[in-house]
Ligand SMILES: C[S@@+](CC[C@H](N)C(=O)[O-])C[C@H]1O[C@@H](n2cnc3c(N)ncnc32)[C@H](O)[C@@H]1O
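Encoded as structure tokens, the following chain is the form predicted alone, with no partner shown.
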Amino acid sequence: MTDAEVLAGRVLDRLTASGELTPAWSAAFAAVPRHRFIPDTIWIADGAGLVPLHRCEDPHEWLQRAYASAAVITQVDDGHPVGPGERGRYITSSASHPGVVALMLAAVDAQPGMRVLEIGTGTGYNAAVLAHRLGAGKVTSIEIDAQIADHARRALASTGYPVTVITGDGAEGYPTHAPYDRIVSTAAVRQVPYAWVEQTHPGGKIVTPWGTPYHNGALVCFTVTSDGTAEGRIVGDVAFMRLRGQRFRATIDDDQCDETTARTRHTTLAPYCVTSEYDASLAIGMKVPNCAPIYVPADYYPDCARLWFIDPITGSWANLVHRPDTSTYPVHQSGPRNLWDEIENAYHWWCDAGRPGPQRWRITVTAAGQQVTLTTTSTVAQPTA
């Protein structure tokens, strides 16, 4: 056996033993060689940026990472690394963690012969797994980045998987091959494009990572009804890069984020309560729009760590100063919004609501827009605001 076959077998055994890989997808996982879809240059996070790893320079390390239990960074900065020596700042494309691929395919529940549209071709690996199970001519994949799309076409052709790869904006879907039985997105959305609903058969499913600027970590499965509505529920915990048209990049501007001119108060609500609890941060993101948290550790500042909250749309910001072994935390706020006040109120609302988990949320998409509701134990939807 080749090294690649040994590593692929270990991945298959691991996913099977953990229960992440369902029997329906086992044959496809076993058949599709993941490393054949990984570009020759990948990137590694080293604490000081994203450093390139070239296959020709270290083929052993490259192959190990191709089959590791982790995502593989395959593009940075939209294909134009901003740092010296091809160092990158932002991850803009990757091959997903094998376990995440298995989770999403299980949620898609696509059967042989179904027609599937994939949003975000990436390396082409996921499309190949779909094509192996569904059959020739059943998978269409759309990729916004022309260079990435070209790589996927070559990889799919060389491995013998007949997938139609379109270069275009996945937010628009691909009406030429519609309607689809399934649409699966490998890019996260804040707003589910209604074009996806329009292009899905009634009774069909849409599976996509979904989130807010505050919390990007939910896999949602929608079912499309005959009246053109999609009803979704959260079925997993995943974090993906967003559709390019729905990116939300919040940064700390040292010139504008001046603590000496900010409004000051104190809180006893610990920072981990509002960022480290999945259920709480999910709820806060629902209640506090256009706000992203950024944690800056103590080694960056001369005194202590800070948890920042940024709204780049209004220019509002807040931070919570975190010193170890304390129970009261200074808070600074600036701009038209008091972001910390909103976050604190949202956290207490979540507590008062019984600390609901992801299974209580429902997301509805219609031609008029998207609505998120919190269901009661009797599954009666109640507006969140």
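Just so we're clear, the structure is a prediction, and the values are computed from it rather than from any experiment. One-based numbering along the sequence shown.
Absent from the display: the form predicted in complex with the ligand. The rest refers to it.
In the predicted complex, M286 stays away from the ligand, with no heavy atom inside 4.5 Å. Taking non-hydrogen atoms only, R115 never approaches the ligand to within 4.5 angstroms in the predicted complex. Put simply, Y125 is close to the ligand in the predicted complex: some heavy atom of it is within 4.5 Å.
Taking the partner from elsewhere, G137 is found to have every heavy atom lying beyond 4.5 Å of the ligand in the predicted complex. Of the stretches 229 to 237, 211 to 219, 288 to 296, 85 to 93, only 85 to 93 has residues with a heavy atom within 4.5 Å of the ligand in the predicted complex. Just one of R154, R249, R263, R244 comes within 4.5 Å of the ligand in the predicted complex, counting any heavy atom, and that one is R244.
Residue I148 is the only one of I148, A102, V274, V76 with a heavy atom lying within 4.5 Å of the ligand in the predicted complex. Shown without its partner, the chain has no residue in segment 36 to 56 with a non-hydrogen atom within 4.5 angstroms of the ligand in the predicted complex.
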